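For reference, the chain that follows is the form predicted on its own, supplied as structure tokens.
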Amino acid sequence: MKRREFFVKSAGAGLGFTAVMSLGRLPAAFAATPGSAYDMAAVMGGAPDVMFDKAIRAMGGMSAYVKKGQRVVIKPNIGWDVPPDRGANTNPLLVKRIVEHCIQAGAKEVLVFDNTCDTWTKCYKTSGIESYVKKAGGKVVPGNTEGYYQQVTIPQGKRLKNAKVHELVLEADVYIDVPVLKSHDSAKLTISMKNLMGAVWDRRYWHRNDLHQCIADFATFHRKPDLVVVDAYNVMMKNGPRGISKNDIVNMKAQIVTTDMVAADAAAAKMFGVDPASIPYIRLADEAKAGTMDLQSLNISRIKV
């Protein structure tokens, strides 16, 4: 099916459908050609890999972000020792497809990691991400040892003045943030900015010292992701971040791709049914000019599979 740009007036195929198709304003050109300059692509209705194919095409193709010979580092959410259908981790099929696109664009290597909450070897395996990354030609790297992390300063930080960041992030030519959209007991929602807590060593400090401000502070750090891909295929609507059962999940079949973490989180919050301004870290990051939560100012490609 060819890509179509449009608004949907009805409720569509379940929770989130109308939200995806109503993000921001309609682009000036009703139907865009491949490679057109969009600020964001919002996709609905397909498998994770198919949606990414369409989204990255709307954003100009992976070659717009990855050049031949570059090292790419991908940071999904792999925090929990639970299977993919629980929605606690990023969908492995999406991660696999991103790796494939990077390799096709000429990346010399594609590395995938997370500083997990449960035992990292179990998380990598049970999530399905390790096997899918290897099938795609990428490599998984651990994040469980402090020696992997380097101390950096956060010049604009109000509560988070410094942090130990995984060396892969600091050395990457291209850095891709691939969070899963889900509820969170402390932050209300965890999306792209919150996902970067898995790129630092001491997350406990964040929880003890104003979590929302620390998330926003780290969003101002100069090494921001070059691309953000929000996985909203299986969305955990309650009991996050780990979840309790499949009953917590809504099969939303959606995805957001952009270069702006703040915009990504604002759009995903709307998709979830929450006002972005009601999530303190989104508002604080916007105020710190780490990105924009003003979706009306963006040129958004809305795609239905």
Partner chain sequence: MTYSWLKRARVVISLIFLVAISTLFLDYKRLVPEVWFSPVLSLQFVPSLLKFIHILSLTAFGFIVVIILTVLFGRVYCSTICPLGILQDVVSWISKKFKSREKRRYGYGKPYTILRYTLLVAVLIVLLLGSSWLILILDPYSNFGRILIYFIKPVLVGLNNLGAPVMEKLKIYAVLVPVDLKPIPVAAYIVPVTVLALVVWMSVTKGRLYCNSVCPVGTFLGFISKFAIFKIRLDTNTCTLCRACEFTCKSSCIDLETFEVDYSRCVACFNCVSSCKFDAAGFQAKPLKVKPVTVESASVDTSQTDTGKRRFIAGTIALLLGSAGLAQNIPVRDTTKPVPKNALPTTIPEDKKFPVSPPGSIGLHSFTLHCTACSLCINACPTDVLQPSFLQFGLTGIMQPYMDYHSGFCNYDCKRCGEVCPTGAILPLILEDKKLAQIGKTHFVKDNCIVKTDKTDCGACSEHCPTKAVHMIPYEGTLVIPEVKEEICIGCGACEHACPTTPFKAIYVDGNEIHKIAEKPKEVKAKNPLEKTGDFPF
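Keep in mind that this is a model prediction, so the values were computed, not measured. Numbering follows the first chain given and starts at 1.
The next section is about a form of this same protein that is not shown, the form predicted together with its partner chain.
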Using a 4.5 Å cut on heavy atoms, which of D118, D226, D173, E100 is close to its partner chain in the predicted bound form? D118
Looking at M261, V66, M252, I56, which is the one with a non-hydrogen atom within 4.5 Å of its partner chain in the predicted bound form? M252
Triple contact flag R208, M237 and I244 to its partner chain in the predicted bound form, non-hydrogen atom at 4.5 angstroms: yes
Indicate whether Y38 is a 4.5 Å heavy atom neighbour of its partner chain in the predicted bound form. no
Using the partner position in the predicted bound form, report whether V169 sits within 4.5 Å of its partner chain, counting heavy atoms only. no
Would W80 count as a contact of its partner chain in the predicted bound form, using a 4.5 angstroms cut-off between non-hydrogen atoms? yes
Any non-hydrogen atom of L295 within 4.5 angstroms of its partner chain in the predicted bound form: yes
Heavy atom within 4.5 Å of its partner chain in the predicted bound form: which residues of 278 to 305 meet that condition, in order? L295, I300, R302, I303, K304
